[in-house]
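Next up: a single chain in C-alpha cells, the form predicted alone.
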C-alpha cells in the first residue's frame, strides 16, 4: 500500500540535505507519494505564518512528514507539529561510524524522549517585574506511554537494557512520578534489564563510559539535552537522525538545525538527513531498503568520501551521489 509523505525542506541547509536524501530515496523502488510543502522562516516572511494552514492540513492527511530544518521559527514549526500530530515519542539514535573521528568507537545508544509535556508545554508567565515562572507538567499517562514505548523498542531491536533518567531527588513530584512509572512498567519486561540515574550523573557516565547505556528513556527537556550530548560522542549533529512517532502520525527530522553560517555553500553534511530517511523506511517496514542505504552511507564515510566537517572535500550532493551509486 502506498504512503503519502509530506516533504518540508524548511530553511538554510534543510533544503540542501533534503535534496540529497531525496536523491537517495528516489533510487529505491518505493510506493511513496511525495508532496512538497513550505514551513519555517521563509514561509513566515512569505505567508505571515511559519507553519501555513495548508502545510499543517497536508501533514495531517499524510502518513509521515519528512522535515529538513527550521531556523528562528523552529518552535512555531517543528514543536507545534509534534503537538498537532500527537507524536509522543522522539527517537534519537547515537551510533559510531568507522572513519569518523569521535571520542568513542562502537557506541550504539537509542534515546527515547517524551515529546508532549514537561517544560516544553510552554506554560511561562511574567509574574512580577524581573520575575518569570514556568510550569512543568508530567502525567502518569504520558510517562507510562513513553516508558512502554522504550521497552517495546528494546524488545523489537533485541536490545538488553533500558535506563530511565530523571531528577527525582530534587523534583520529587514531577520526576518522582516519571521515575516511579518507569519502574512499574519495567516489571512487565523481566527479560530486559532496567535501571535509573539522576540526569546529572548520567551526563557524566555518558562522557566517561557510554557503553553502560543501551536504550535511554527520559522526559522532554532532559531528552533534548542528553541526545545532543550523545551525538557529540559519535561525531556531532551531522550524523544524528531522529523520529517523532505517534499512534497515527510520524515526523522524521535530522537533529541539526538550519546552520545559516554554511547555508548556500553546498557543503552541509547530508548523513543525518539520509539516516533520518532510513528511520522512515524502517517505520513503514522497509527494513532491507533501510539497511542497504545505511551500508552504502557507512562505506562512503569509511572511504572518506565526505563533506568537509567529516574530513572530506565533497559537496553535499556529491556525497549523496556516492551513496546513491552504491545502491
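Treat the numbers as computed from the prediction; the structure is a model and nothing was measured. Residue numbers count along the first chain shown, from 1.
Another form exists, predicted together with ligand ATP; not displayed. Remarks below refer to it.
The candidate site formed by 256, 269 and 309 is fully in contact with ligand ATP in the predicted complex, as each residue has a non-hydrogen atom within 4.5 angstroms of it.
Partner proximity in the predicted complex, defined as non-hydrogen atoms within 4.5 angstroms of ligand ATP, places exactly one of 69-77, 124-132, 97-105, 187-195 at the interface: 69-77. Interface residue among 177, 207, 225, 237 relative to ligand ATP in the predicted complex, by the heavy atom within 4.5 Å criterion: 237. This chain is displayed alone, yet in the predicted complex one of 56, 262, 37, 281 has a heavy atom within 4.5 Å of ligand ATP; that residue is 262.
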